[in-house]
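Have a look below at one chain only, the form predicted alone, in C-alpha cells format.
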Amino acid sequence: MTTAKRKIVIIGASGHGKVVADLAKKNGYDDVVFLDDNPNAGANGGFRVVGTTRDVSRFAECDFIVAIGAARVRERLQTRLLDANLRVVSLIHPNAVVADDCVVGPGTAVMAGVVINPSVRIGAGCIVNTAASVDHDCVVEDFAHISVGARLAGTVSAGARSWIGIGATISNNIKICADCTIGAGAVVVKDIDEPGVYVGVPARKMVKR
C-alpha cells in the first residue's frame, strides 16, 4: 500500500523561507515547494520555486504557510489563503519545548530551541524564532514576531504585528500594544501603549528629529 506524500507550499523564498522549509521537512513533509512573486527567485535551500502567489489555486490539495518577515504582508497573504478556503498550517520544530496546554494559531512557525511554557496563547501567523522563550500565561497576538533569543517573562502580552527584536527582554506582567518594534537587546520594564520603535535599557521610544 502506497502512502500519499505530504506536500506543503511555502509563500516567500527568502532566508526565512529556507528555515521554514527545513522546519517543514522536520514535520514530515515529503514535498516542499515555494511560491514567490519575485521574478528572480530561484531554488532556495534545494527547494523549488514553482510559481507566484497568483498560482495558489493550483495547489488546493496542499498545506500552506506564509514565510515572510513583514507582518502586514504576512497577514495580507495568509488572509487571502484562508478566504480561498486553503489549508494554512502551523509548524513546530521537534526540538522546541511547548507546554501541553499551549495554543498555537494557524500559520505560526515555532523554531528550534524555543521554550513555550504553560497557559500561553500564540496567535495566527506568528513567528517564534530560534531559541526564544515565552513564559507562563503570555499572549502573543496575531502576526507578531518573537525574534531570535528574545525573552518574554510571565504574563506578557505582545500585541498584533509587534516585533520583539533579537535578544530583547520583556519583564513580567507587561503589555505591549499592536504595531510596536522592540529593538535588539532592549529591556522593557513598563507597559507600552503607543505604537513605535523602542530601544535601550530600559526601553524608550525613539523620537524622530
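Model, not experiment: these values are computed from the prediction. A residue's number is simply how far along the shown sequence it sits, counting from 1.
One more form of this protein, predicted together with a small molecule, exists but is not displayed; see below.
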Okay, which stretch from 152-160, 24-32, 56-64, 139-147 lines the small molecule in the predicted bound form, with non-hydrogen atoms inside 4.5 Å? 139-147
Even though the small molecule is not shown here, does it sit in the predicted bound form so that Leu81, Val104 and Ala124 each have a heavy atom within 4.5 Å? no
Of Ala43, Ala178, Ile166, Val50, the only residue with a heavy atom within 4.5 Å of the small molecule in the predicted bound form is Ile166
Ala184, heavy atom within 4.5 angstroms of the small molecule in the predicted bound form: yes
Just to confirm, Asn129 within 4.5 Å of the small molecule in the predicted bound form by heavy atoms? yes
Although the partner isn't part of this model, could you tell me whether Gly200 comes within 4.5 Å of the small molecule in the predicted bound form, counting any heavy atom of the residue? yes
Contact flag, Lys208 vs the small molecule in the predicted bound form, heavy atom cut 4.5 Å: yes
